[in-house]
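Read the single chain below, which is given as structure tokens and is the form predicted alone.
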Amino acid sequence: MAAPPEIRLSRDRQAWAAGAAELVQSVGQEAVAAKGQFLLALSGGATPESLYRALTSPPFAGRFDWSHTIFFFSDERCVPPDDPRSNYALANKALLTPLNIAPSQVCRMAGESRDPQAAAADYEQHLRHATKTTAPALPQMDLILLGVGADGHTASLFPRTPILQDRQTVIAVTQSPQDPPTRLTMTLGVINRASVVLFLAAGAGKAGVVSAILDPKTEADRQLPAALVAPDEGRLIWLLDLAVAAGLSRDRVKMIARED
């Protein structure tokens, strides 16, 4: 049975970013110590970008040896890698280039492919090679970063879609109600195999959906894609700032003091 989520609250956006950076580096250090590499799946969006900029700024930039990390992506828009809508483009600008990450350490989804299904199959093979996993077993990431949309979607898994019931597919092609419509995404099967899943949520605009996920009132709340993330044996952590946590009941929030 999946363990309940850890809910961590930071008093402001600066403390939130520092807490996220500390957690990423801590999980990375544990993974490298245990098996010599750190498999990290990045997410797109403005909220993860705050984390990426923290990781490239003092005091975090020189604290962790990234040479044993392989960077993956939890999802991607089907656009070229230099398109401003690309998750890879954002991560490359905010994180990978500032950290001088070698191209051999980055495994991006080929969003520009004319055949998204072939791109999904190819990415599955990259994941299996990195994790030494053969079918039907699912690959296991050390850490998957996720955001949450106002509709409850996470990665590119959208509400009321058949892929939410699929626990065998590794990488799926999905359709978003927003532009660009075609996406590549890790599935819940892979996400829930991770050693650690970290949801990054900040800002008052997401308070309603975060409350629905962490304090569900209806069955519809419980079926939101982000609410279905429940690692089989790993840890699920929600890192919140005060604004996004405003709708939560107090007994659902674990207060963790952080210094600026």
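When you see a residue number, it is the position in the sequence shown, counting from 1. On a predicted model such as this, the values are computed, not experimentally measured, just so you know.
Not pictured, yet referred to below: the form predicted in complex with 6-phosphogluconic acid (6PG).
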Within 4.5 Å of 6-phosphogluconic acid (6PG) in the predicted complex, counting heavy atoms only, one of 151 to 159, 96 to 104, 113 to 121, 129 to 137 shows up; tell me which. 151 to 159
Using a 4.5 Å heavy atom cut-off, are Gly19, Arg53 and Asp241 all in contact with 6-phosphogluconic acid (6PG) in the predicted complex? no
Wondering, does Ala33 line up within 4.5 Å of 6-phosphogluconic acid (6PG) in the predicted complex on heavy atoms? no
Partner proximity in the predicted complex: Gly45 to 6-phosphogluconic acid (6PG), non-hydrogen atom cutoff 4.5 Å: yes
Is there a heavy atom of Asn87 lying 4.5 Å or less from a heavy atom of 6-phosphogluconic acid (6PG) in the predicted complex? yes
4.5 Å heavy atom contact, Asp75 and 6-phosphogluconic acid (6PG) in the predicted complex: yes
Suppose contact means any heavy atom within 4.5 Å; which members of 169 to 191 contact 6-phosphogluconic acid (6PG) in the predicted complex? Arg183
